[in-house]
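Quick heads-up: it's one chain on its own, the form predicted alone, in structure tokens.
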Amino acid sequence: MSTKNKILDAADVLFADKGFNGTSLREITSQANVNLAAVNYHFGSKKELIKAVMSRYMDELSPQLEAALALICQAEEKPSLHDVFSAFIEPLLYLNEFKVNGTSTFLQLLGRGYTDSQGFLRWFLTTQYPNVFTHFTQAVKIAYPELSTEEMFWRLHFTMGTIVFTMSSSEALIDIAQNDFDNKLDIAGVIERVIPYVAAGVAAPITKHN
């Protein structure tokens, strides 16, 4: 394995587990068994390393997700919000083929971009992979045209919170399903359960706010 990939592998696990702010470069170099100069040589800074970690996943995810969302937008029949969110399932699960525990790790990393106040990362993702966000918001608009841009922001923000919390505790949820309900689940089963919930939340009737 190359030094660069050793750094990336160590960084994505530590970032997902401890957060971007809570992980130091020294922890990453120790985990990767490389020196600090190697990080500076390959990435230049911690911000660039964070971008590189996310790009590894997004480069795999975005083509499949763009294609799935484009089909939703081009469908003759009006899609439901359940259809829109279900378009994420196969592309997300593919990340498990790309990397062990890739799906849950990616979703935790994505959530860290919000909880750790990494504004530069959100900007990087929306500018580097604009078609994903364009197709997604377009699909939501088609499914629920009455939803204003502001209301969409709030509902998708709450959706992200739900997804991040669910994925960060996915191992515990899988254990609970097995021990309390004798139901053997994997990460796909968890995602399939959360999709109807978030779709229903985004589809809730519009109410006036003070």
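Numbering starts at 1 and runs along the sequence shown. Rigid core here is just the name for the largest C-alpha set that superposes within 1.5 Å across the two forms. Computed from a prediction, not measured in an experiment: that's the story for all the values here.
Omitted here: the form predicted together with a further copy of the same chain. The next part is about that form.
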query: Among the candidates A68, I142, A52, I176, the residue which, in the predicted complex, approaches a further copy of the same chain to within 4.5 Å (heavy atoms); finding: I176
query: Heavy atom of each of E60, F120 and T137 within 4.5 Å of a further copy of the same chain in the predicted complex; finding: no
query: Location of a further copy of the same chain contact in the predicted complex, chosen stretch of 106 to 114, 86 to 94, 128 to 136, 72 to 80 [non-hydrogen atom, 4.5 Å]; finding: 106 to 114
query: Residue contact check: D9 to a further copy of the same chain in the predicted complex, 4.5 Å heavy atom; finding: no
query: Interface membership of N35, a further copy of the same chain in the predicted complex, 4.5 Å heavy atom rule; finding: no
query: Heavy atom of E151 within 4.5 Å of a further copy of the same chain in the predicted complex; finding: yes
query: Contact of S169 with a further copy of the same chain in the predicted complex (heavy atom, 4.5 Å); finding: yes
query: a further copy of the same chain in the predicted complex - contacting residues of 165 to 202, heavy atom within 4.5 Å; finding: F165, T166, S168, S169, A172, L173, I174, I176, A177, F181, N183, L185, V190, E192, R193, V194, P196, Y197, V198, A200, G201, V202
query: Post core alignment: I187 C-alpha displaced by 2 Å or more between this form and the one not shown; finding: yes
query: Rigid core fit then I28 CA moved by 2 Å or more between this form and the one not shown; finding: no
query: Change in CA distance between I176 and G19 in the predicted complex, which is 3 Å or more, as closer or farther; finding: closer
query: Change in CA distance between G22 and E171 in the predicted complex, which is 3 Å or more, as closer or farther; finding: closer
